[in-house]
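Let's start with one chain on its own, the form predicted alone, as structure tokens.
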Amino acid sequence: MIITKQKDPNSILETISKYKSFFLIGCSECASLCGTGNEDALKDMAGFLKSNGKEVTGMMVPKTGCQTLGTKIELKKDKDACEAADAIIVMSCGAGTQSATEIFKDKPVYPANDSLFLGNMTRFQMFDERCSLCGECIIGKTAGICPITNCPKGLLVGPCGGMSDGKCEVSPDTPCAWVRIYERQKALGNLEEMKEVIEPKDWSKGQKPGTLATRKDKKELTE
């Protein structure tokens, strides 16, 4: 999931200072789990804006904020409220904000959140980064633990010389990623796999901006 945190409200207020009225859009998925795009978060933002002399014409939490077509369809019921707003404030990730930019071609769109990383929720509203979206997953060779993300240096050939007592040199409270990999491979009886040297990373496979089409055409679907 995309981990987000809300921007400083005063910085948002400064960015939108020349506009009077706003429509708020959240997201029922990642941002809701982060507490940055659910209904309560939107209500808090609406209260903040109103207390600073702004008007909120309406708000909605779409099923998936980054799904442009779906969000556009969901917004039809709020057509009048959207038209009455001078600008749109989006309380989801950057992808959700850019979906709103595509939908509202005649209105300025502003993000209320900062997108931080792709992570896992370990406990309620507690998150760890697990994936760097590098374009070529190698964790099949590293016991399901990503050294690119979990090692601050992104090492692919084992721990660095700064590792001490199983802890990371960069973050002494954090277990070394390669010690974790070793311990898991040992527990699985797969230590032999650690003899394989992982080839240097082909970073071109994570080239940005990325595009992908997984949709099959009608002919393929009928075969």
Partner chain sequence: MSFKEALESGKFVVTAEVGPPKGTDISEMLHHIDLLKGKIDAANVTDNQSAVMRINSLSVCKIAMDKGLEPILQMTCRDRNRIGLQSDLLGASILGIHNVLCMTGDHVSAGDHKEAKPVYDIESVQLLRIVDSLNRGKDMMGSDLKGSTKFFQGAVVTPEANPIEPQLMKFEKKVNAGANFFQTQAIYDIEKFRTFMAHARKFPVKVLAGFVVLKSSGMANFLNKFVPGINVPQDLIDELKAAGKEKALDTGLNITARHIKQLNEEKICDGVHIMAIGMEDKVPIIMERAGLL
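The structure displayed is predicted, hence computed values, not measured ones. Residue numbers count along the first chain shown, from 1.
The form predicted together with its partner chain is left out here; the points below concern that form.
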Proximity to its partner chain in the predicted complex, single hit among 72, 153, 107, 130 (heavy atom within 4.5 Å): 153
is_contact(residue 44, its partner chain) in the predicted complex, heavy atom dist at most 4.5 Å: no
Its partner chain contact at residue 40 in the predicted complex, heavy atom, 4.5 Å: no
Partner contact for residue 210 in the predicted complex: its partner chain, 4.5 angstroms, heavy atom: no
Touches its partner chain in the predicted complex: residue 169 (any heavy atom, 4.5 Å): yes
Stretch in contact, per heavy atom within 4.5 angstroms of its partner chain in the predicted complex, of 44-52, 22-30, 160-168, 60-68: 160-168
Stretch 167-205: residues contacting its partner chain in the predicted complex, 4.5 Å heavy atom cut-off: 169, 170, 179, 182, 191, 194, 195, 196, 197, 198, 199, 200, 201, 203
